[in-house]
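What follows is one chain in structure tokens, specifically the form predicted on its own.
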């Protein structure tokens, strides 16, 4: 059986910076309130009227990842695109990437696991490569949140959290059993699905209904924040330990933990639980907000560019989000 390794990374975020003070002009909030609860100082939002989308941002991140991997785009065998904010209800963004990048008629798969989307996508890609089916897989996480947020006082509990952006990785086959992705671990608990959700549009609740009821909140994200937080800190810890124990490792072996950037307080809680130093955990939610499926790959790309992820390091990726779904990836870089 082969091993899969990340051979190239790339990310893209819009130029438009939206600070907490900017949001205070749209809703009853302030910088202190947002930072205290989330750790976020600013986020990137696509400007209104811009042609940018989840797919176009993903394509820009992918081009960088392909270049960093040192491969020709025609060497990509498969595409996996993770997002909760696709350009269209269907088809998914994966086929748009195939067209935008001018790739061969390779398969394209979309993953709809929200905050855990990139972890799930990476796990799927890992299985395809380990079995020998594919050589190089393009994995993308991209989100266009700002177009679907309730940017009024009514929606402030959610809308201040999310940002736009994209990241991409090239996963490549390797013959080195000691380097690359060592294991992935995925879980779900659907009984809590409605604690973090966007209920519409759906086939049962289609778009024209909102025209008749502008107060219909089912088209905006809903989050039971306290309940989500309590579950997140437990599941993060469980799935990280599961990954470490599977590989005969302990928290002291971690060189870099890159958690999904949902809330800085969650990351700090997990860091404390595993007795990790500040330089062993990478957080960038302060400047990007929660970019959902894009958050881990953007953070991983930045950490690598800054030299915080180097050859031989043990890297742990972990995510928790809507579904509930959660997972971890253990990597020997």
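If you're wondering where the values come from, they're calculated on a predicted model, not measured in any experiment. Numbering follows the first chain given and starts at 1.
Keep in mind that the form predicted together with oxa(dethia)-CoA is not shown, yet the notes after this line are about it.
Contact here is defined as any heavy atom lying within 4.5 Å of oxa(dethia)-CoA in the predicted bound form, and by that definition not a single one of 6, 8 and 301 is a contact residue. Of the listed positions (97, 240, 262, 256), a single one reaches within 4.5 angstroms of oxa(dethia)-CoA by any non-hydrogen atom in the predicted bound form, namely 262. This chain is drawn without oxa(dethia)-CoA; in the predicted bound form, the residue among 169, 82, 115, 166 with a heavy atom within 4.5 Å of it is 115. By the criterion of a heavy atom within 4.5 Å, residue 64 is excluded from the residues contacting oxa(dethia)-CoA in the predicted bound form. Shown alone here, residue 226 lies within 4.5 Å of oxa(dethia)-CoA in the predicted bound form, counting heavy atoms only. In the predicted bound form, residue 267 stays away from oxa(dethia)-CoA, with no heavy atom inside 4.5 Å. Residue contact with oxa(dethia)-CoA in the predicted bound form: residue 68 places no heavy atom within 4.5 Å of it. The stretch among 136 to 144, 85 to 93, 117 to 125, 158 to 166 whose residues place heavy atoms within 4.5 Å of oxa(dethia)-CoA in the predicted bound form is 158 to 166.
Scanning 289 to 304 for heavy atoms within 4.5 Å of oxa(dethia)-CoA in the predicted bound form gives just one residue, 290.
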